[in-house]
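What follows is one chain in structure tokens, specifically the form predicted on its own.
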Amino acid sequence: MEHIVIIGNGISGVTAARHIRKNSDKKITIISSETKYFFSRTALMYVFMGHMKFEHTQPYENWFWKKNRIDLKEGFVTTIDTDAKSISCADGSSLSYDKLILATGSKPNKFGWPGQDLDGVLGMYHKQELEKLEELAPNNSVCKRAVIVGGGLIGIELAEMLLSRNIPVTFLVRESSFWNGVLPEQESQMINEHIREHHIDLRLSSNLKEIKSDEHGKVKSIVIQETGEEIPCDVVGLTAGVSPNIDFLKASNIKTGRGILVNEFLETNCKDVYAIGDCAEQHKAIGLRRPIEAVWYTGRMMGETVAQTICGNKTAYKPGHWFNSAKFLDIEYQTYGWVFSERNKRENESYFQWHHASEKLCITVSYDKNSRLFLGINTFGIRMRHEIFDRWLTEKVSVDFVMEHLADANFDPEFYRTYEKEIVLKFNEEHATNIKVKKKSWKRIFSTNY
């Protein structure tokens, strides 16, 4: 019986295993050194905040794996021999495979900062880091201040976690405005304000110089590079991005760049070896997407895709239109298509922006200034329907069409205030148009012929 070995039990590896089992009777083994059972990584913050227990993050009961004949092995893989098709683990055990799927995920970035490996320094990506944070920051008596190094989504989540226990937070962000390499200026500035309104000590244009130790090898303070200011703290969170977890492949024949290099079928340079999820790097970027995408839903899609190939239906990875969602403390964020920051805007890209006068609500619509083709939208504080924007991007509608039918895309709960008329009024004023907002039509929303 063909043996499929999957290294990594995150969303990518587990999705691959589930879909291989749906379509075949192959022997499947998942190896992980993090946890025995799959859990939802994005829910770790809510465990720390007391909204759920860790077991609530596990979508499948423990009996699920045995019932579906998916073997789970706890272990840390040290070497892979692709010629012999064998894997060795740190505990001295080994196993052979017929096909191998690498789904080893990411690890927090470190940039050689003095003190970066001290007790009290951690990322916020793995379950072990959650456990360490529970030990280091049970309350604001034990942890009198935490410093977070690096803006972005993981950093803001860690800040929210610490705030839930009334732990003061200093946030070092090297950019001049929060996440302004991704967000347009109006949105980035709004998030700056929102962070400060939550009494977070936001330090923009600030880099970490070093982390200082006490006499016991524990964190006692950090030093800011630009000013030399020393800030006492008990915990340092490193959230300056993540990178593929591939150090164990250095002695193998598997080619790597920043990640494990794969083609459109998620195949590596070695026969019968595939890579999926955060650790995979596309030889050729797909459209405007980055070669490496550390995003939950793309990991799931890669798992589904590679399962098809392994089960005899060779399938190319096609992630479709870019989308993502997150929270910046109390503000919900969604993005569909492509909306670049000012410094990364494409040659013909233009913005339409609306910002509520008093509330933390705004949108940015990106479109081609020549053809008026709709390119993408960012929304903050207003929920939109993914399926609607996915359809409009596929159908290549105009920005004027989007404005006219914006009500159909709104997904806020019933009785929430809507803002389409205000948004379109501003659009008309700026573009000398006379677009009328169509009332929401359920027939249009679910029609295949919009």
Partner chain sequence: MDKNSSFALSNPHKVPLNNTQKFGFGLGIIGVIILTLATFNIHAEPKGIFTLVSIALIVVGAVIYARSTYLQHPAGIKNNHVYFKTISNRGVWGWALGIVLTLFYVLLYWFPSYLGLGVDGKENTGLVVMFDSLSMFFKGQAASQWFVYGTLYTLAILSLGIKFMYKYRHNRYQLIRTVVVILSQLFLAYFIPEILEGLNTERTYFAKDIKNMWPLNYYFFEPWHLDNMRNGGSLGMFYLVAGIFMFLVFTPIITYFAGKRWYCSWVCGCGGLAETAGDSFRHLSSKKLSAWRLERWLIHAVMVFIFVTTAAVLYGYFTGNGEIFGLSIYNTFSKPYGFLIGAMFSGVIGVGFYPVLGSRVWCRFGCPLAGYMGLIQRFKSKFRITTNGGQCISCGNCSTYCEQGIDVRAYAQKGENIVRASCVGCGICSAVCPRGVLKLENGPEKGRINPKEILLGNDVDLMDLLNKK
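No experiment lies behind these values; they were computed from the predicted model shown. Positions refer to the first chain, counted from 1.
The form predicted together with the partner chain is left out here; the points below concern that form.
Of the heavy atoms in V397, none are within 4.5 Å of the partner chain in the predicted complex. Among residues of the shown chain, I28 is not one whose heavy atoms approach the partner chain to within 4.5 Å in the predicted complex.
The partner chain is not drawn, but in the predicted complex it has a heavy atom within 4.5 Å of M52. The shortest heavy atom separation between A326 and the partner chain in the predicted complex is within 4.5 Å. Of the residues D214, D91, E197, D83, just one reaches the partner chain in the predicted complex with a heavy atom at 4.5 Å or closer; this is E197. When the partner chain is considered in the predicted complex, only one residue from P291, G75, G181, P319 comes within 4.5 Å through any heavy atom, namely P319. By the 4.5 Å heavy atom rule, the three marked residues K22, Y336 and F446 all count as contacting the partner chain in the predicted complex. Contact annotation: the partner chain lies within 4.5 Å of heavy atoms from the stretch 305-313 in the predicted complex, the single such stretch among 305-313, 242-250, 227-235, 338-346.
Applying a 4.5 Å heavy atom cutoff to the partner chain in the predicted complex picks out no residue from 200-217.
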